[in-house]
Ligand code: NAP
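Before any questions on binding or motion, here is one chain by itself as structure tokens, the form predicted on its own.
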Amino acid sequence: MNASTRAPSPPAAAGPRTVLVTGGSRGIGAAAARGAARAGWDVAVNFTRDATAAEAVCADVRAAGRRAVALQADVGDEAQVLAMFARLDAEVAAARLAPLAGLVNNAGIVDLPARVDEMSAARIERMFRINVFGSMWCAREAIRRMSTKHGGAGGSIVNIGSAASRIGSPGQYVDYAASKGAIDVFTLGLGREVATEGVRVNAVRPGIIDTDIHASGGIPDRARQMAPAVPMQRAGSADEVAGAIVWLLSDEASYTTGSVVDVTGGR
């Protein structure tokens, strides 16, 4: 292979960068924020209500030697998403954070177990507004800042899906599973759409993970109950999911886009 036909090398590692983690005050989001900090990222921790928990994650980021800021916003409200990114812009402009180069679309909800014929329109609308519309609004704003088409220096988006998109969650969370199916397709399409603009888009699809999202879905002990259905015979941890997220954010994943990584214990 001569110089004119040789494949381009992956980009060299950049300087300090910031990643925005939505839903970063607990569970997988908090683990991703801490893991990103250990990997050298500044971190913007989005939260909806629990400012104390978000500030605790920021404290952990700072203890790892990186800068952090907590940003309140309900990602299911487009106006709040725009305000959050404006605040992030101000933090970067004031040099309190490095430039934005990463987004972890982690914020999401689940609801109480129900059949589809028992679900209200309000429940279904809320599920998609937060899990799907919120992820798309945040990705749109991140691309406007990171894409070379818009004068950015590139970056990485990691969407958090769910193995429920493959399983369907019948009799429990079909609406949640459908919303995560939308995230799978969004990841594929967006990854291809911005592939020449320095922005990579991937997803991590967790399986049964021991976090408190199960309590909000009305089954606080679900991770332990479901463990026998997992080939590895145990639930996963938030840190195990975060490891995949941080890799996809990193330059080590420079040739990976439009991909979905299962972290499911084989399920």
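One rule holds for the numbers: they count along the sequence shown, beginning at 1. Quick caveat: nothing in here was measured; it's all calculated off a predicted structure.
Although it is not shown, the form predicted in complex with this ligand is what the next lines describe.
Heavy atoms within 4.5 Å of this ligand in the model of the complex belong, among the stretches 192-200, 143-151, 108-116, 86-94, to residues of 108-116. Using a 4.5 angstroms threshold between heavy atoms, C58 stays clear of this ligand in the model of the complex. The closest non-hydrogen atom of E78 lies beyond 4.5 Å of this ligand in the model of the complex. At the 4.5 Å threshold, heavy atoms of R67 stay clear of this ligand in the model of the complex, well away from it. Put simply, S156 is far from this ligand in the model of the complex: not one heavy atom of it is within 4.5 Å. Between the options V132, A98, A177, A73, the residue in contact with this ligand in the model of the complex by a heavy atom within 4.5 angstroms is A73. For the stretch 181-195, the set of residues having any non-hydrogen atom within 4.5 angstroms of this ligand in the model of the complex is empty.
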